[in-house]
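For reference, the chain that follows is the form predicted on its own, supplied as structure tokens.
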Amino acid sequence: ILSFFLAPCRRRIISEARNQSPSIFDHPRFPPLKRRMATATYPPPPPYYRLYKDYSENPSSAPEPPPPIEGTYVCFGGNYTTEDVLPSLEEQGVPQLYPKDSNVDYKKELRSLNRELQLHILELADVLVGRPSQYAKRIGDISSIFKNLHHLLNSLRPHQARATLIHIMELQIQQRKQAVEDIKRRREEAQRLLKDAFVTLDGQ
């Protein structure tokens, strides 16, 4: 009970002490906050811009741009290729868990892999409880299933791109038809207004 009554007094004493005691940042050694904020200037242009100083007058004085990259290249430590080809699972060292057929039922295979993934996760939980030292094999199986799922989804990217393009074109056709109908309606309204104006002028 005593602490309940003394709490407001303690808070008041602390508040007054804070208001009276100067802050460390009020010391003359510390400049204001705005002055202490570090600012960085915009980086200068690359040095080879000087090679193009006479380009407007003499385009041949500047070096030709580098040719476009073809084949493989390295970007941020990863190897990439300009050929837009989806590598197979065998090339990536991953066993393929669905049929190697061009006519793959994607919906069926995705559902099958999803069920298999759920089963392996349950088995992993059972292994972690009963045989923790044997978890590595289950982790590898789950990783292979995930990679197969991603590969199947990536195989659908061309179909997705075509479907998206078709949808965009259908929307554009619909918008153009709507614009044509709106122009026709505006024209009819303008013709009606002109007709009414001629009738009014003839009546006068």
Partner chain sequence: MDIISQLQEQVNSIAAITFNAFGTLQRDAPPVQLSPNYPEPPPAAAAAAAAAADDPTTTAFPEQPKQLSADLVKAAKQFDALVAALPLSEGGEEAQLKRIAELQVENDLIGQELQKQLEAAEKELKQVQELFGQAADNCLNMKKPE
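Residue numbers count along the first chain shown, from 1. Keep in mind that what you see is a predicted model, and the values were worked out from it rather than measured.
Keep in mind that the form predicted in complex with its partner chain is not shown, yet the notes after this line are about it.
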Task: Thr41, Cys75 and Val94 all contacting its partner chain in the model of the complex, non-hydrogen atom within 4.5 Å - done: no
TODO: Would you check, heavy atoms only and a 4.5 Å threshold, whether Tyr106 touches its partner chain in the model of the complex?
DONE: yes
TODO: Could you confirm whether Asn114 comes within 4.5 Å of its partner chain in the model of the complex, counting heavy atoms only?
DONE: yes
Task: Leu51, heavy atom within 4.5 angstroms of its partner chain in the model of the complex - done: no
TODO: Examine Ser61 and determine whether its closest non-hydrogen atom to its partner chain in the model of the complex is within 4.5 angstroms.
DONE: no
Open item on the list: Only counting heavy atoms and a 4.5 Å limit, does any residue of 118-132 reach its partner chain in the model of the complex, and if so which ones?
Closed with: Gln118, Ile121, Leu124, Ala125, Leu128
